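There is one chain below, alone, in structure tokens, taken in the form predicted on its own.
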């Protein structure tokens, strides 16, 4: 990995130029990139440098390569599922490396999730409601491990976001639910009341089933306040040890 304090490498500059052309619409899905030789000549670099740039773009799922007489590097169709995974990874690294405070993470995470409650109540499906109930059943298992409870907690809130039926919202909320939620769970899992969280989860599902936006929002607001207070208590206790 390159040091962010050093100038970008030639391969990074080439990759950035191609990425910018994709974002600007000068390169479209399915367009074929110039050959390695042409790219090398255009940028005044070796073919090895071009290959490294193409590897960077392929790692981000921005291009695909095909072999054969009509092969080469082509602009890829980037799915929301692929972008979502990258969003989660980036958000996790960003939060971890920048020491975001517990309260800031909680505020952002619940503000983002509550932004989808109106659509979620309107569009929720029986299948997603069943998924959320299934997670509540799992969370209620007496001998469930802390790790499994945390994973179920994330899955429950992911389903809540998916109830909105909006891929763009799901993408943007992926970082808050699938990156911030596990980090918050790591701090509070030993002290929190599973019963209290499960009761709030049940209230959320009940509100969605009735399409009652206000009750879903109230349950999320209560969960936010509980999580922030619990996190502050846990962190204060650690600091005095």
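Definition used throughout: the rigid core is the maximal C-alpha set that superposes within 1.5 Å between two forms. Numbering follows the first chain given and starts at 1. Values in this document were obtained by computation on a predicted structure and should not be read as measured data.
This protein has a second form, the form predicted together with another copy of the chain, left out of what is shown; the following refers to that one.
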For the three residues 80, 87 and 107, which mark the spot I'm curious about, does each lie within 4.5 Å of another copy of the chain in the predicted bound form through at least one heavy atom? yes
Quick one: of 151, 100, 130, 144, which gets a non-hydrogen atom within 4.5 angstroms of another copy of the chain in the predicted bound form? 100
Could you spot which one of 140, 166, 125, 134 gets a heavy atom to within 4.5 Å of another copy of the chain in the predicted bound form? 166
Heavy atoms within 4.5 Å of another copy of the chain in the predicted bound form: which stretch in 211 to 219, 184 to 192, 197 to 205, 22 to 30 meets that? 22 to 30
Is there a heavy atom of residue 43 lying 4.5 Å or less from a heavy atom of another copy of the chain in the predicted bound form? no
Heavy atoms within 4.5 Å of another copy of the chain in the predicted bound form: does residue 61 have any? yes
I'd like to check something about residue 75: if you look in the predicted bound form, is any of its heavy atoms closer than or equal to 4.5 Å to a heavy atom of another copy of the chain? yes
With both forms fitted on the core, check whether the Cα of residue 206 differs by 2 Å or more between this form and the one not shown. no
Is residue 46 one of the residues whose C-alpha moves 2 Å or more between this form and the one not shown after the core fit? yes
So that I can tell if residue 197 moves, could you say whether its C-alpha shifts by at least 2 Å between this form and the one not shown after the core superposition? no
